[in-house]
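A single chain, nothing else alongside it, follows as structure tokens in the form predicted alone.
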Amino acid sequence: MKSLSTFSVRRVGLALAAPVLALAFAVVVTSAILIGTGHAPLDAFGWMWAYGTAPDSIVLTINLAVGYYLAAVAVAIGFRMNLFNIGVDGQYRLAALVAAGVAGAIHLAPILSVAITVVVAMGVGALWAAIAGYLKVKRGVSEVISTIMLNYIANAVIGYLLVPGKLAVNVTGSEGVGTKVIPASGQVPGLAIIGGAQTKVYGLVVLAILVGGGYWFLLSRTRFGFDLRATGRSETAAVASGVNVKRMVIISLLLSGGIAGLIGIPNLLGESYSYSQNFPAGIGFTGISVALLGRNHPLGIAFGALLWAFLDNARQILDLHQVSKEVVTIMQATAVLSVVVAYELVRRYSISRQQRDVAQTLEAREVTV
């Protein structure tokens, strides 16, 4: 029992060591840059913390983290199988546009309207990702290249549809255009869960929770999840065990694209109520960083999404104190790079420690005999 307890504590310690080391290294690098530019690191971090922990800032951080989390899970599904779905950004933006057009045109019961909007968004995202899957399986085209190209095509399609007479209308009081405003029956009210905050948390924050739970269950409790992880570790071994790799590629990209289609829905149904030229962009690329930061684990991704959202939100206060907000970008980039190195170091240490433990156990048995 003692050795089992020691092993459990050591395992937890090793799991926490990598992210802690990465974050500490990011803080050190950022502090050096702040000192080099004539700013006190403690003051800058103090301003960010004070601003980021205010009630309204906490709400904004959670709302940003919802989109980041969904994007990271969409990317992580591909990562688990060594597939790089770089097209999440185009998938979610195109899905949000089409879903906004549909939601603005229907007048049904609230639950039904929201359900249809979510299904449409997932369907569009999945179908857009399926193009890359087809090209990879049938033509051998790298999904990295095809998904990047599909991002540009998605931008062109959005530009084509987002004009008056198609899916867009002129926005009253503005020179911009956007889809029709989603009626009240299709909107999802926010949740006042932070005391003292003037704004509310997206009502569809529950969507991110459900996706995270589903992602965990899929990977750890289903045959498909086992095949997915096995294929990611060794495609040759997976084929030898009877896994249809081509089928796995198609399904994985369909799932990844389907989750990507959900990224813009919490904002669409909980805040903007219309898709316009100002709709948040670039979340798909942020998801790649968050997935790497969270090591593709549902809980790790949640931590990474909240940290990334906190830093994105807190950077606003730096401008008021004449500190370049790009410092936050440097900190984020350093954290992602260092977490990859830190996990590799921890992995090598863990393997080395296991080998020593096995050797000690064998020596103890020989002495006993």
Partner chain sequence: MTSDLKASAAALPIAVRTRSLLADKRTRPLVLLGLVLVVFSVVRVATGANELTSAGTLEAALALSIPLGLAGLGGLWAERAGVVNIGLEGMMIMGTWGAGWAGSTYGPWQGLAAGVAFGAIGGLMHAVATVTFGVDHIVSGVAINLLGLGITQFLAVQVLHNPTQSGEIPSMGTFTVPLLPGWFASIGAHHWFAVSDLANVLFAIVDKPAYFTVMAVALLPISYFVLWRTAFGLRLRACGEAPYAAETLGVNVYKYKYLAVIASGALAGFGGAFLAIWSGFYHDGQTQGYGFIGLAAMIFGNWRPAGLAVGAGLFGYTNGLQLRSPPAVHALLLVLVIALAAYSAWLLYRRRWTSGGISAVCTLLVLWWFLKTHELEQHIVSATPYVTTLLVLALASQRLRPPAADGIPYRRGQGK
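Positions refer to the first chain, counted from 1. This structure is a prediction, so every number in the text was calculated from the model and none was measured.
Keep in mind that the form predicted in complex with the partner chain is missing from the display, and what follows is about it.
Student: Among the candidate stretches 208-216, 264-272, 234-242, 79-87, which one is within 4.5 Å of the partner chain in the model of the complex when only heavy atoms are counted?
Tutor: Flagged stretch: 79-87.
Student: Under a 4.5 angstroms heavy atom criterion, identify the one residue in Ala50, Val27, Leu306, Ile33 near the partner chain in the model of the complex.
Tutor: Of Ala50, Val27, Leu306, Ile33, the residue with a heavy atom within 4.5 Å of the partner chain in the model of the complex is Ile33.
Student: Can you work out which of Ile111, Ala156, Leu299, Ala184 has a heavy atom no more than 4.5 Å from the partner chain in the model of the complex?
Tutor: For this set of options, the contacting one is Ala156.
Student: Any chance Gly140 has a heavy atom within 4.5 Å of the partner chain in the model of the complex?
Tutor: Looking in the model of the complex, residue contacts with the partner chain include Gly140, since a heavy atom lies within 4.5 Å.
Student: Would Leu345 count as a contact of the partner chain in the model of the complex, using a 4.5 angstroms cut-off between non-hydrogen atoms?
Tutor: Contact with the partner chain, yes.
Student: Against the partner chain in the model of the complex, would Thr61 count as a contact residue? Criterion: heavy atoms within 4.5 Å.
Tutor: Taking the distances in the model of the complex, the answer for Thr61 is no, it never comes within 4.5 Å of the partner chain.
Student: Although the partner chain is absent from this view, report whether Ile330 comes within 4.5 Å of it in the model of the complex, heavy atoms only.
Tutor: Close contact exists here: in the model of the complex, Ile330 approaches the partner chain to within 4.5 Å, heavy atoms only.
Student: Pull the contact list for 123-152: residues with a heavy atom within 4.5 Å of the partner chain in the model of the complex, in sequence order.
Tutor: Contacts from 123-152: Leu135, Lys138, Arg139, Gly140, Val141, Val144, Ile145, Ser146, Ile148, Met149, Leu150, Tyr152.
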